[in-house]
Structures are given as structure tokens and as C-alpha cells.
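Below you will find one chain, with nothing else, as C-alpha cells; this is the form predicted alone, and questions on how it binds or moves follow later.
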Amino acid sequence: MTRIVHKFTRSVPDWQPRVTPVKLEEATPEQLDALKVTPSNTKVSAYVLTLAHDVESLKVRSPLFNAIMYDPGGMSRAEREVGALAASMVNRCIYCAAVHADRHAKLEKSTEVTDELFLNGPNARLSPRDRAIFDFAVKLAKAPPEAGAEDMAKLREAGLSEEEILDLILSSALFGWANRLMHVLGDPVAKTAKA
């Protein structure tokens, strides 16, 4: 029996799809072509294999994901993870929140920010820059019209450039969408012991 994970954690749970993922050995040539560019340029996850049922969407989604989260320039990778983490916390996507918290901690070589966010949520004690990033991403995830000119001014006051603000908008918006898709397609479940 699997146990659904309900609490935010930096330990990335397994993800159990409700739709049977495409099996690589049975994938069509079109599916294999769409799977060439995986989101993190590493292994092909059950989530991506589930998305492979819609080849045309996956062919667009993976390169877009890679560009938003991994392209050089603009906002740091760790700060993009804060934006994605904020959206995932708003949407209660336990799996994505764990992935982004884990990546942030590894990039920063510190768990301080993610520990504080998971412990105190919106009341977390953050640096002015992280506070501006987190607050903006939360507003954007809740309801995009809530993030307005005053919030943009706070980002600029915290030292973000226009390019960094664009990266924040993109990373937050991407996960506003991805979190909702993950909720419909599956559940985060406790890791099972390997035999």
C-alpha cells in the first residue's frame, strides 16, 4: 500500500501516476523524438513518460522548461528555484516543492532558506532579496493580477534586474501550470524500500 505525502519536505518523494506512463521500449518513434530532451537533461521521469501520451505538447514543454530553469544569464539557478518553490507551495504540490527545495539547498550548499520556508511559510525570515522573490512568486501563483507595479518596484529595490524579473515570472508561471498538471495526473507517495 502506498502512502500519499501531505507535508512539505526536501526529501523528494516518488510520484505515482494515475495514467499509465509510456514504456520506453514500447514508445512510438514520435514519442521517442519528443522524449529526447528531458526536463533536467538527466533520466526520463514517470511524469515525463506520462506526458509523452501528448507528443506535440511534450515537444514544446521540455525545451521551454530547460530554457526557463537552466539557461545561463539572468536570475541565478537557486533564485529560480525559490520562484518555483513559492508556486509549488501555493499550489500544495508536495512533489515539486520537494524537488525545488532540494535543488535550492544543493545549489546554495545550505538548507537555511528552505528550512525556514517549510517551517514558517509566508512568515519565513528571509533576506530582502529572497523575501521580494518569494512574495512576488506567491502572488503570481495565487492570482496573476495580484502581482502589480508595487511588487515589481520591490523586486527592483531588492536589486533584481529586468532580466532577472523576467526569469522569476517565467519560473513561477511555469510551475503554476506544472503543479496543477501534476495534481491531476498523480500523487506524491512515500518512497518504497528497494529490494
Partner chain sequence: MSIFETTALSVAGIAAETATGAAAATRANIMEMTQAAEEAVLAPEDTGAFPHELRAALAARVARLNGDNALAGRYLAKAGTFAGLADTGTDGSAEDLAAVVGFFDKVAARTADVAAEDIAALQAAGVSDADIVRLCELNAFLAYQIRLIAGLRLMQGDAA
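Each form is matched to the other, and the largest set of C-alpha atoms that superpose within 1.5 Å is called the rigid core. Only a predicted model underlies this, so the values are computations on that prediction, with no experimental measurement involved. Numbering follows the first chain given and starts at 1.
Below, we turn to the form predicted in complex with its partner chain, even though it does not appear here.
Using a 4.5 angstroms heavy atom cutoff to its partner chain in the predicted bound form, all of 143, 156 and 166 count as contacting. A heavy atom within 4.5 Å of its partner chain in the predicted bound form is found for exactly one of 170, 27, 46, 126: 170.
Out of the listed residues 160, 132, 147, 34, 147 is the one that sits within 4.5 Å of its partner chain in the predicted bound form by at least one heavy atom. When its partner chain is considered in the predicted bound form, residue 183 lines it closely, a heavy atom lying within 4.5 Å. Taking non-hydrogen atoms only, residue 20 approaches its partner chain to within 4.5 angstroms in the predicted bound form. In the predicted bound form, residue 99 stays away from its partner chain, with no heavy atom inside 4.5 Å. Looking at residue 174, you'd find a heavy atom of it within 4.5 angstroms of its partner chain in the predicted bound form. Looking at 57 to 74, the residues that come within 4.5 Å of its partner chain in the predicted bound form, counting any heavy atom, are 57, 60, 61, 63, 64, 67, 68, 71, 72, 73, 74.
Residue 11: CA moves less than 2 Å between this form and the one not shown after rigid-core fitting. Relative to the superposed rigid core, the position of the CA of residue 21 differs between this form and the one not shown by 2 Å or more.
Whereas the shown form places them at one spacing, the Cα atoms of residue 141 and residue 145 lie at least 3 Å closer in the predicted bound form. Relative to this form, in the predicted bound form the C-alpha atoms of residue 91 and residue 145 approach one another by 3 angstroms or more.
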